[in-house]
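We begin with a single chain expressed as structure tokens, specifically the form predicted alone.
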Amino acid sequence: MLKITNNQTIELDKIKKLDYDKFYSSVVELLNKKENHCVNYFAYPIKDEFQFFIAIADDKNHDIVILSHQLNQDDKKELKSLTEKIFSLHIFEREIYENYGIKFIGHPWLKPVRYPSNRANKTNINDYPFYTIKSNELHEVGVGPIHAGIIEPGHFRFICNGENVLHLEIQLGWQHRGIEQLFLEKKNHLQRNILAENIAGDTVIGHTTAFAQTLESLANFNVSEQLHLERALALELERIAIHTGDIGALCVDAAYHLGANVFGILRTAIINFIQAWCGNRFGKSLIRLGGSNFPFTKELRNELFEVLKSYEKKFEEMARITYRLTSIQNRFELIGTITEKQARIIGTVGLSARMANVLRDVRETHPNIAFQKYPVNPVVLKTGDVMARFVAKKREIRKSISWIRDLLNNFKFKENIEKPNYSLKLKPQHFSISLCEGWRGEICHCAITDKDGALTYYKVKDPSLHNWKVLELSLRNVEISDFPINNKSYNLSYCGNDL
């Protein structure tokens, strides 16, 4: 088995193509171990074949196993489903089937995922095969795809017995934008860089960092330690900002508007600092291929110290009140619970895994240079309910603030950092993979080049792809009125899933 590390590039010829039986047994053997999980599984057509790649992360030994097999396009488009043995692969096989019509025998339900315009499975989005239960005692509740307020499209179908939810199914794919195809159509690296910023609007830093690491590795281009640290700093600021906003949003759903207002104001202080750094509150234009147009200056360092000092004092004061409120505890405890066993079976990543006693954090298990030099000790909780996700966000904010202070106190930032480089030449016939721990969880970007060094395939995986199924499952036997709180506690991405 070929093992590589995070942000590594390997020649395609070194990735051995297995027959499917060997591929199948190897994947099952690896994913039956607790320390392993799938970070990406995809197929793409090349010449007269479909080429398959799976990347399995070993969280204990800090490496990634790459396995491959191929299927002749003239052969019968059928393969034995891995989902029968490893349920976490259900979403990847569904996507492959939707895109290329390759049927996975034994898959429980090959439903559409994204509805791309060039898909092989032309199922109409209005004909989605929802799970149903025939009963005179039960009723269905449909919500979306158009929602009140500022939210992206998604349809939620509840099957209820009175107020109690027996089953929830979420249908996405309403806004497929063809992001992965655009990475191939855009030949200019700056265009691709800007495209990466728009994969998910709340994860600009996370996705753009993964993109930059992928292409820099593919070009064998080494950036300075300072640039790695500046990107990590931005990543932790993004984590603080979004978690703060999420805590405020949960206060809204629990009708605690004082907390909602204060946490909203505190989030604004963090994103306003990001705007002072690069001119955009969400970090657009900050992460650039090969360098930066906005070095972290001494003035910014001093300002960030003051911002964090003010933020931390107000955050701790408001958190001390909010987290002790009986009304908050009553609404959040034992609601939307996921067990460790369920989290592992589903393949959950990020905070949604860590709140159920599953340590999945790229900063710890597959760290880049920044997190190797300044390690993070991830927050792991056990109860797996809304309260666990609420508490985890608070504790992760504290961890991020501590990490940033450690960095600012110990690293001497220089202002003559390298400028962006959009003329990087990518190595021909290579495979590259990058993992990045965004605020929501594990982001994975993969890139493949042809004999001329041009991108022939680009694959993006947002952590939400793993975690939507967790949200569905965690609402069973919960009153439907608790859905908004449970949903907000995950804060999963529609566009990150739909790409």
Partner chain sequence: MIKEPKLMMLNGRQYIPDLKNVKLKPPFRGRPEISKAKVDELVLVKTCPLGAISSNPVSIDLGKCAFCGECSFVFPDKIKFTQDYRIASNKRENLIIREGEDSEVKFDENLINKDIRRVFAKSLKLRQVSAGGDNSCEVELGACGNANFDMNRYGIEFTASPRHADGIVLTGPITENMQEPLRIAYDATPEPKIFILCGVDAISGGLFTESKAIDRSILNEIKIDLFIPGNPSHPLTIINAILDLTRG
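Note that the structure is a prediction, hence the values are computed from the model and not measured. Positions refer to the first chain, counted from 1.
Here the subject shifts to the form predicted in complex with the partner chain, a form of this protein not shown in this document.
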Of these, 268-276, 339-347, 84-92, 135-143, which stretch puts a heavy atom within 4.5 angstroms of the partner chain in the predicted complex? 268-276
Go through 152, 333, 169, 418 and name the one with a heavy atom inside 4.5 Å of the partner chain in the predicted complex. 152
Contact residue in the predicted complex, from 382, 427, 395, 281 (heavy atom within 4.5 Å of the partner chain): 281
Any non-hydrogen atom of residue 194 within 4.5 angstroms of the partner chain in the predicted complex: yes
Please run the contact check for residue 190 against the partner chain in the predicted complex: heavy atoms, 4.5 angstroms, yes or no? yes
Using a 4.5 Å heavy atom cut-off, state whether residue 202 contacts the partner chain in the predicted complex. yes
Is residue 406 near the partner chain? Define near as a heavy atom within 4.5 Å, in the predicted complex. no
Residues in 315-332 close to the partner chain in the predicted complex, defined by a heavy atom within 4.5 Å, in order: 317, 318, 321
